[in-house]
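As C-alpha cells, the next two blocks hold two forms of the same chain, structure 1 and structure 2.
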Structure 1
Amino acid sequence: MARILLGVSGGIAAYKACELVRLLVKGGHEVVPLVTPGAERFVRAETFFALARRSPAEDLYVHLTQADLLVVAPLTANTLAKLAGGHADNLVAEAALAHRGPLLLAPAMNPRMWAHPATQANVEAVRLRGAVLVGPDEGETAEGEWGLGRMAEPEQIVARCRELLGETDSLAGRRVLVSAGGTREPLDAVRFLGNRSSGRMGVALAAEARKRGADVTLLAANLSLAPPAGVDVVETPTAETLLDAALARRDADLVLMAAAVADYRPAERLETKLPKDQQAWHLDLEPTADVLQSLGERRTNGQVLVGFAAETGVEGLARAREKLERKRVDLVVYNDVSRSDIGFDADENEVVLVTASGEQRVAKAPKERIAAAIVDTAEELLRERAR
C-alpha cells in the first residue's frame, strides 16, 4: 500500500513505536524506520528493522524522497526544535526536509517541556507549514507526573495515518480482481507481439481498491512499474495465462480488467530463435479468447464487471457503448488512444465512464485520480446490487 517513513526520536515512548511499526506492516504498508542516535539509547534500530522486515544494512537515503507519508513518533522536544528550525543533522531531520507529502507528528515529552513557550512556538511553526499533530494526550508520564505530554496510542496514530493516506473501509471484506499491463505473445524463443501498455492505470486501480480496504489480486502482464504494496500479484505474461488466472478467480466481487490483452497471437510459436535471414517472415495470427466476455458469460453472483475500451474518436465511444451490452459488462471505461498525452504509457488519462444508466466524462487527471473515479462508480454499482 503506502510507503511510510517512520522517524523515531529519543523518548521513553520509543518502545511504543515498535507496536506502531507492527500495526503499519500488518496493515500492508511498507515501513522505513529512521532512528535517531537519541532513540537508540532506548530501543536499538535493529528492533525496528526486524519489525519492518527490512535489512539493517539497507541504504535509507533512497527512501527519503519516495515516501507517501512521514511520521515521527515519538517526537521529542529536541527533534521538534530541529524540524521547526530546518536542521539536517540526522536522518529524521533530513527526511523532514527532503519529503514532499503529509507529515504526522506524535509528540511525547514531560508536561513542562510541552507547555514551554519555546516548544509551543515550534509546534506553531511546523503546523503553519502543514504538519499534522496527533496527541499529546493527558495522563501519567513515565516519570510519574500528570499532565499533557503522553504520546498518542499506536492505534490512534495508525488511524491518523490512514486518514492522511486517504484510506477508508468502503471495500473492506470485498475481493477485487484487477488486471494491468500488456500481454506479450511469443513468436519464437526471444521475440513477441506486444503493446505499449505500461500497467499504470491497472496499478493505480489496484492501489485504490487496496486503500479502500479490499482484498486485491493483481494480474500483472509485463508491468513497467512496481505493483502496489499489500496486493497479491499473479504474473500473467500472455493472453492465455491471463484468461486462466482470471477464470480461476471469477468469483471476485469486483473485477477491473485494465490490461491490454492481445486480440491476436501467432498461430505457431517457434521453440528456438529464428535466425536472421533475407527471406520475408510471414505470420499467421489467430484470435485469442476474450477475457472480459468469458467472465461476463460465467457470472453467477452480484459481481460488478468493469472493462476498458482503448479506442479512437467518436466511433470508439459508440463501440464502448456496444461493448457494454455485448459483453455483459457493468461499466466500460472508454479512453481515446489516438491522443499521445493520455492513455497508453502516459501519466494522465481522460476517460468516459459508460454504464447502463448513462455516461460520465472524467476530466484529464493523473491516473490515480481517474482510478478513484472509476472505483467510486464501481462501488456505487456494488451498492445497487445489494439493494
Structure 2
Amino acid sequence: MARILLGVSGGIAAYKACELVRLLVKGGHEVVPLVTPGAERFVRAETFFALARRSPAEDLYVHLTQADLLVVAPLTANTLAKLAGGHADNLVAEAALAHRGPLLLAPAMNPRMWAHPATQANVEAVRLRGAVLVGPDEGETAEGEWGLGRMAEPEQIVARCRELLGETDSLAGRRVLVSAGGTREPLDAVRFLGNRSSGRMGVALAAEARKRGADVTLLAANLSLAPPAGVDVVETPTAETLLDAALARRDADLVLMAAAVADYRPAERLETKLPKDQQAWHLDLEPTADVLQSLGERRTNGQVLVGFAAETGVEGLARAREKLERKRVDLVVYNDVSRSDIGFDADENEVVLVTASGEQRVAKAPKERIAAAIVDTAEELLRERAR
C-alpha cells in the first residue's frame, strides 16, 4: 500500500489526527508522523508513533522521506501561511517543500481566522500549486463559536486520501488469494533446490488487490522483500506447504498464483548436512504436486483462477496458451525469463495476458503497473462470471 506523510500542526484538532492515523494504518498504509512542537502542546508525538506502529524516527532527514501522499491535518492558519510562503522552519513545512506528489490539507481554525482575506489568499496560493483541501466543516469550534472552521472528520480525510491514491472499492467484499516468491525444496540440513524468484510480482499483485478493497491472503514462499501492509501472510516455504495452504483457501473469489513453485524436489531429504568429498553427487528428483492444476480441478463456481508461465521465447508463449486449457484456468500471465531486464528478481516486467478470448501484450513497466493490468483483466473476468 501507500506511504503517507502525516503532518500534524498545533491546533486543538490534533486529537482528531490520532484517529486519522489509526484508520490509515488499518487501511494497510505506512504512516510517517511529522509532529510540530505546537502540536505536541496537545498530543505527544509518541502517541502518533504508537498508533502508526513505528518507533520514533531517528532519521535526521525524515522530512525528505519519499512518499505517495502528504497530508496535513490539522492545518492551522499559521501552517497554511508557511506553506503559501514557502517557509521551512518545521518538519511539516520542510516536508511540503521536498514532497513530490499529492498534497492534502485539512484546515482547522477559528471561523473568523478562516474567513480573513489573508487566509483566503493563502488558500488560493496553495490550491494554484496543486494542493487539495478537505473541509473545513461548519460547526461549533473549541472556543464555543459557530461557523466554518472545524477540521473534517477523519473518515472524510481518509476517503479523500483514497481518491488521491487512486484506490477504489472495486474488489470490496472479495477474497483474493495470492502466492509469491519461489519454493525451496530441502536436500539436506543446509542445502535446497530453488529458483531466483524474489516475490516482487506477487507482492505487487497483493498490494494492488488490497488497494481495491479486497480481503487479501498472501502465500509467501521465501520472499526477498517485505509483504505489503494490510494483507494476511502465510509462510509457505516448500511446494508441499504452498499446496496445503492454497487448497485450504481455495474458496477465494480470485486466485493469483504468481509464485515460482519447484517442479521437482529431492527424492530423499537428509536430516544432517551431506559432507563434501571428491566424488560426484548423483541426485534423484521426484515431481512435486501441481498446485495450479490442483486448484483448477477443485475450483468453485464463479471463481477466477490466474496462473503464471515463466517461460522462454516463442515456444514458451505457445506453452502458456496450452497451459490455459490444460490447467483449467481463466488467465495465464506469460513472461520471458530469458531476459535479464524483466522477470525474476527485476523491478520491471513485460507480459502477455492469455485468455480464452484472446491475448493482450503489456509493455515493459514497473511491476506495480503490470500488477494493475493483471488485476484489471481479472476483475473483468469476475464481472463476466457474475453476468
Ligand SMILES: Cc1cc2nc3c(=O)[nH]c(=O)nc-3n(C[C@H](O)[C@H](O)[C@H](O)COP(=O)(O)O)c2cc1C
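Remember, predicted model here, so these are calculated numbers, not experimental data. One-based numbering along structure 1's sequence throughout. Basically, rigid core = biggest C-alpha set you can superpose within 1.5 Å across the two forms.
Asks: If only one of the two is the form predicted together with this ligand, which is it?
Replies: That would be structure 1, which is the form predicted together with this ligand.
Asks: Split into two rigid parts between structure 1 and structure 2, does the chain put P56 together with P186?
Replies: No, since P56 and P186 fall within separate rigid parts of the motion between structure 1 and structure 2.
Asks: What is the rotation of the smaller rigid part with respect to the larger, given in whole degrees, between structure 1 and structure 2?
Replies: So the smaller rigid part is rotated by 14 degrees.
Asks: Report, in Å with one decimal, the C-alpha displacement of W146 between structure 1 and structure 2 after core superposition.
Replies: Value for W146 between structure 1 and structure 2: 5.2 Å of C-alpha shift.
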